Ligand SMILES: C[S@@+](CC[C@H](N)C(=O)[O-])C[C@H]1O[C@@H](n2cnc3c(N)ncnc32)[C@H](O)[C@@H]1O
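Take a look at this single chain in structure tokens; it is the form predicted alone.
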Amino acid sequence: MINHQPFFEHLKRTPLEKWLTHFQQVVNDDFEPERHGDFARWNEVLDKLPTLHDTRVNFDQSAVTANPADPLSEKSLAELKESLLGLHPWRKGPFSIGGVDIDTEWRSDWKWDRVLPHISPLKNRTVLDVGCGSGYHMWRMCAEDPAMVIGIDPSLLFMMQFYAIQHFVGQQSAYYLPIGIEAMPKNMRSFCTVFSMGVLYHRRSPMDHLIELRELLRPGGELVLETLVIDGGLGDTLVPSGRYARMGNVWFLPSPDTMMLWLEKCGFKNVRMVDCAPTALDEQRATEWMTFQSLGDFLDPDDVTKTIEGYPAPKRAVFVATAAR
């Protein structure tokens, strides 16, 4: 079921065709999923997914939905649920497939509801989602009728979850590439909109990441950036000495004013913060579909305004900016 050929064929019909050979190399030649110990098991899950008939698909609601015209029997529902649980943990969603509700760790629909009112319409735009996870936001973008959405994320599990959902919703204009941003062609300057949500604080050099994002955008293109921030003024930045909320790969948490300055210094204009809010315990939590520790386990049990390490609890802000011409 892992088939990148539809992406290559779509690419031939777009201005991005000039990078076709590059993408074929990084996706086909450099992609060796068999190195992952769980790949064979995940692939078996995909191979055994049932076919739903006369499916009604909806990308324009909280749960990305694919339901058959005739409801599944209790036995078929149980079998479908067991199959999808074989791709545990499901972190970004929610989804509703054939009557099975995938209650993911994150209520990613809440983030999308905070973002969508503030960005340029995606209709007919070529979009890149950096760190796309399982592709939840890519499917939500499909409701806006973009020309093409490309999601990049090196996680093989997320890729398998994307293809599981695609099996039920059909081939849309959304494509998942199992690569990091470092594998993208240099200085593309081709995308109308680039999303980077929940990525920046994992990068050792935030400035380099911002420059990478700018060079992927066409002149005048729009960046949508979501990241962790702290309260404070211009120049204030938290650099955790060890883990942050039990994450070992968190490098920089700027104040909103500092984040906007970074964006301006890296070649963006019309920089604005459109949302800022603490992460709520009912937005990120353990569920049947993600049974490991989650946000509630990462906060001080006596003071949920602090992480278990004593830092300010997660607060996320959304910034929108334009690539300078």
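Since the structure is predicted, the reported quantities are computational estimates derived from the model, not experimental observations. One-based numbering along the sequence shown.
Missing here is the form predicted together with this ligand; even so, the following discussion is about that form.
- Though this ligand is absent from this view, in the model of the complex it lies within 4.5 Å of a heavy atom of just one residue from Cys142, Val130, Ile165, Ile102, which is Val130.
- The partner is absent here; in the model of the complex, the one residue of Gly98, Gly198, Pro240, Gly232 having a heavy atom within 4.5 Å of this ligand is Gly198.
- Proximity of Ser173 to this ligand in the model of the complex: non-hydrogen atoms within 4.5 Å are absent; the residue sits far from the partner.
- In the model of the complex, this ligand lies within 4.5 Å of some heavy atom of His137.
- Although the partner is absent here, Glu222 is not a contact residue: none of its heavy atoms lies within 4.5 angstroms of this ligand in the model of the complex.
- Contact annotation for Tyr244: none of its heavy atoms lies within 4.5 Å of this ligand in the model of the complex.
- Partner proximity in the model of the complex, defined as non-hydrogen atoms within 4.5 angstroms of this ligand, places exactly one of 78 to 86, 149 to 157, 116 to 124, 232 to 240 at the interface: 149 to 157.
- The partner is not shown here, but in the model of the complex the stretch 180 to 218 reaches within 4.5 angstroms of this ligand through a heavy atom at Gly180, Ile181, Glu182, Met197, Gly198, Val199, Tyr201, His202, Arg203.
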